[in-house]
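Shown next as structure tokens: one chain only, the form predicted on its own.
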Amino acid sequence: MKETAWKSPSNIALIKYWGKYDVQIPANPSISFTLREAATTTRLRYAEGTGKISVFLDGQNTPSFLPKIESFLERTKDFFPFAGEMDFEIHTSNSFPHSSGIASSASGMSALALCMMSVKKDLGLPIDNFFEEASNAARLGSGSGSRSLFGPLAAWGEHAEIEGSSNEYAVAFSDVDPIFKSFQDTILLVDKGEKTVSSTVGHGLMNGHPYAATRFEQAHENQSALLTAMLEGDLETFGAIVESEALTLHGMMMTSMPYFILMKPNTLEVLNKIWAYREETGHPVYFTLDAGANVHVLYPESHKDVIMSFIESELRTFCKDGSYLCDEVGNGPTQL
């Protein structure tokens, strides 16, 4: 068997993608920070065969992953028509704990898409744009995975002010003040359990949601305002938009039918602590949330020491087992 390997990062959305059309087309644009430390490493061994697939997570055979892999290969058969005539051995591992509120599907599917693109290249098949095609393929496995292909920021979904933006793949975005290219993300592990409602189900509940159309319009407007704030280095406006987006995401969950709440009591405690600390000190520390209970604390690298002291003294007590992860903005995937 031949082998190829990629390490691909997760990402954290600043403007939230929530709601989609078939197949994996976003209902609104999104933009995200690419993370540096939180990543999936995938080694793909391949040879001519009959389409046999085996998946190993941290060295352990994990057949429960097979349905998702098979669905991905079915959806991407136009990109990888050779898949049914090969045998694959997929060895994957994450640098972060499972169920930690970091999008493992984004990093995992982007790493697998990159490996499949490397196989395609090895077979001598035509490739117009390696990373664009990889992003398009990753989207079909995980919508947010499309954004993991680029750093320091990536934008997915058509938006009037981002040249080349597309609903089918993400594009790299770097037209921002340098302060945002080294932004810190400390992930507070408020809850380590499985989510009670999957993101796939949550996206589906946007179909027929009474506030969906207004939300999609709001996302376009917020993205425009955020792009301006990041270009100008306007931290206060950046923080206001990012926090509003996080709360709107959870607001859409709470107003869907059926409704659900993924935040935990300690999530709210953390948010109130951040607001009070920022009001008291004036330090630029903000939060965002993904579709879960854990809190991403965002702040400039220049304030790292003072914010980490605040996290240790005031926020850590709200984390499960006192656990948190330290990350920062990164530059995208690397081939191993």
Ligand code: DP6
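Just so it is clear, the model here is predicted, and its values are computed rather than measured. One rule holds for the numbers: they count along the sequence shown, beginning at 1.
A second form of this protein, the form predicted together with the named molecule, is not displayed here; the remarks below concern that form.
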| query | finding |
| --- | --- |
| Partner-facing stretch of 116-124, 166-174, 88-96, 198-206, counted where any non-hydrogen atom is within 4.5 angstroms of the named molecule in the predicted bound form | 198-206 |
| Single option in 212, 263, 249, 227 placed near the named molecule in the predicted bound form, where near means a heavy atom within 4.5 Å | 249 |
| Sole residue of 291, 44, 27, 53 within 4.5 Å of the named molecule in the predicted bound form, by heavy atom | 291 |
| Contact label in the predicted bound form: residue 223 to the named molecule, heavy atom within 4.5 Å | no |
| is_contact(residue 17, the named molecule) in the predicted bound form, heavy atom dist at most 4.5 Å | yes |
| Residue 144: touches the named molecule in the predicted bound form, heavy atom cutoff 4.5 angstroms | yes |
| Heavy atom of residue 184 within 4.5 Å of the named molecule in the predicted bound form | no |
